[in-house]
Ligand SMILES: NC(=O)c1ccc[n+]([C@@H]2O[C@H](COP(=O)([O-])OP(=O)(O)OC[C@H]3O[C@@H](n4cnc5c(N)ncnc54)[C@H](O)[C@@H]3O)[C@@H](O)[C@H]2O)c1
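A lone chain, given as structure tokens: the form predicted on its own.
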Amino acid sequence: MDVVVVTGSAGLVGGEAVRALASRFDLVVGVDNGMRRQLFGPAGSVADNLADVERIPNYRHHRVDVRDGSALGTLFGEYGTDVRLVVHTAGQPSGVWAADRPVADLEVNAVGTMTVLEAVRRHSPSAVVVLTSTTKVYGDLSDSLPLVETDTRWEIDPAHPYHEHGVDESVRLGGNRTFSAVSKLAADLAAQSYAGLLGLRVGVFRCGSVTGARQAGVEQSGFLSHLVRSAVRGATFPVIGHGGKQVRDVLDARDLVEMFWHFYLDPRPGEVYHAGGGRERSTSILELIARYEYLTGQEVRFEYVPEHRFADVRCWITDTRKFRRDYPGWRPAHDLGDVLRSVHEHWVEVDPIGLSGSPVTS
């Protein structure tokens, strides 16, 4: 029997991994203890996403905390060498949350990751493992690049090598980091060591801004989903710092999962890959608001908060050419318009408070 284990299986990336991989494996084993509601309150709950994946016939859920080594050992011991792939997406994503709880954050992100890797090493050593890390491990390093301010965005200077394609994996680690970025970096480095020292077939994916229709976006995490959800509800969206011109590139979670699948088919243990939407899917907050209003006819009410968050960079665009060289069969299938439409349609369906009723344009 071929088994895939997905941690954080009720979350955005984990849920999309379950949906995509259910037809490719005999059994999908989900691991999620519902902690996101504890982190972010009712708005951050992923209970609806869990209910959706639990309807998949070959899905089996385990309400296990990734920090619990005994419980994970039992779980992996049950499936043993039948486990072919482990998709580790469980984690704490918010720098704001971690600032008040750095030890708890470290336990979830770093200790939790090592606990998963250790369970794999002991019970399923031939499995391929993919780790969802983050480009935030670089801290605010990209703000040291030469940047140009335009009417709507911060931009990498056109004369700089990173302008055309974005930041690649050769960039050094450095700069100021949030506690959550520190814990994610610890997990990232540990995963590389489990590959290099202990022979696990681990790949690390440093993700930019990953989003999708089922993301439970909140102010602390998931800006695109939170913006759309706020607009649908008629709530005010906070634009925090940098004049609203801070730039991120957006990758649909479904496209990220396809990166995992390509890696699984031809694993390169210990490799680190940037995972993002690239220049074509880059947007500032101001540009995103304008695009969303044009697509939907739905007004975005927002207020500007002048003080930017700690280590919140003005511009990050992800260069994915290394992954595309190694796996030329992968390309993102969803553009920024696709993502906005799918997120809008989701929140119209499940949370239509204050909606004006305007349709999405094509």
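Source: prediction; values computed, not measured. Start at 1 with the first residue shown and count on from there.
Separately, the form predicted in complex with the ligand exists; it is not shown, and the next lines address it.
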Within 4.5 Å, heavy atoms only, which of 95, 166, 91, 203 is in contact with the ligand in the predicted bound form? 91
Residue (of 225, 134, 124, 282) lying close to the ligand in the predicted bound form, criterion heavy atoms within 4.5 Å: 134
Could you tell me if residue 35 has a non-hydrogen atom within 4.5 Å of the ligand in the predicted bound form? yes
Interface membership of residue 311, the ligand in the predicted bound form, 4.5 Å heavy atom rule: no
Is the gap between residue 18 and the ligand in the predicted bound form 4.5 Å or less for some heavy atom pair? no
Interface membership of residue 340, the ligand in the predicted bound form, 4.5 Å heavy atom rule: no
TL;DR on 330 to 338, 300 to 308, 60 to 68, 315 to 323: the one with heavy atoms within 4.5 Å of the ligand in the predicted bound form is 60 to 68
Out of 191 to 228, which residues reach within 4.5 Å of the ligand in the predicted bound form, heavy atoms considered? 207, 208, 209, 210, 215
